[in-house]
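Encoded as structure tokens, the following chain is the form predicted on its own, with no partner shown.
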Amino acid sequence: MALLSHLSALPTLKNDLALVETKLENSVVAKDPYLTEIAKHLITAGGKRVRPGFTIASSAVEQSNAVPVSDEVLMGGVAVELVHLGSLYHDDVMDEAEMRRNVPSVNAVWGNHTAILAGDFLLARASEIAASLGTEIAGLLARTIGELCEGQILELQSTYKPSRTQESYEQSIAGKTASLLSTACRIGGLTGGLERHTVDQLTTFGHTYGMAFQIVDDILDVIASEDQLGKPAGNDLIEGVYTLPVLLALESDVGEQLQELLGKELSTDERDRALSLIRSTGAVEEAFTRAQFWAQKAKLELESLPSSPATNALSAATNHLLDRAQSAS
């Protein structure tokens, strides 16, 4: 896993994430075994656990020696991951997705109604855990769930609209991606008992990292192969989600040709033609420059934090983010 390999400066991280895994499964046990099975579906399918990993690392930025984190930090990571999983259950319903993490999606197996309710159940459990960690964290997580919804609504408003602006795109990814990564880091700082100014710096780091993270992900959807992605390339184009590389290509010399293809559902051939047009421009390089901008802001936040294994690990993870896009191009 990329996260584990690039946070390897934290010797205890593997054990901490193993504890998170157990706590995740335990946190979704319901009175009804049927609901428990559905709630555990994506947990047992695995995952990178990026967000709890960032919670754990953030809690340790002031520690010169790596030590196991507290139960509060672990449960903070569980709460953040449950919000992420709940959002995936809902996303798969909206996208009519049939697969997630190499297993059939919840909606494909149990239907949309069940998937929506199970997603709600995960969000409820996340909120319950957050409440046990204090009113500040409970309020923070509730606000973050709202920001996720706002970001997703902004994206839905722009579906199949080539007129989508870059400003609207960044507002959307700030809500649907960066907000939860920011919250993961902030919860790590709060549960780790760090100084308030350090907590605020970690919060900004999580936001700026999240912005770079989503832009890189969107670049990969345009340039990576199906084997690299684990799904068909150009999936966002198929769904009418026009991301930064697409928006930049629309402003290039091939903009008119690309505009003729977009604004409607695409066939496989039309998708491939659109991808070819985008790749023929400097749009990917421009989008990568924007990802670098956000990644650099993230690293600047880390530079003013105490030098520690955790701080170094977060910096390595930020560098890896950009390396992913460069290695795929």
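Computed from a prediction, not measured in an experiment: that's the story for all the values here. A residue's number is simply how far along the shown sequence it sits, counting from 1.
One more form of this protein, predicted together with a small molecule, exists but is not displayed; see below.
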| item | value |
| --- | --- |
| Single option in Asp221, Glu170, Asp91, Glu239 placed near the small molecule in the predicted complex, where near means a heavy atom within 4.5 Å | Asp91 |
| Position in contact with the small molecule when the complex is considered in the predicted complex, options Ser87, Ser127, Thr114, Ser252, heavy atoms within 4.5 Å | Ser87 |
| Location of the small molecule contact in the predicted complex, chosen stretch of 161-169, 255-263, 187-195, 141-149 [non-hydrogen atom, 4.5 Å] | 141-149 |
| Contact check for Val80, Thr208 and Ala295 against the small molecule in the predicted complex, heavy atom at 4.5 Å | no |
| Interface membership of Thr243, the small molecule in the predicted complex, 4.5 Å heavy atom rule | no |
| Contact test in the predicted complex: Lys48 vs the small molecule, heavy atoms, 4.5 Å | yes |
| Contact label in the predicted complex: Thr177 to the small molecule, heavy atom within 4.5 Å | yes |
| Partner proximity in the predicted complex: Ala97 to the small molecule, non-hydrogen atom cutoff 4.5 Å | no |
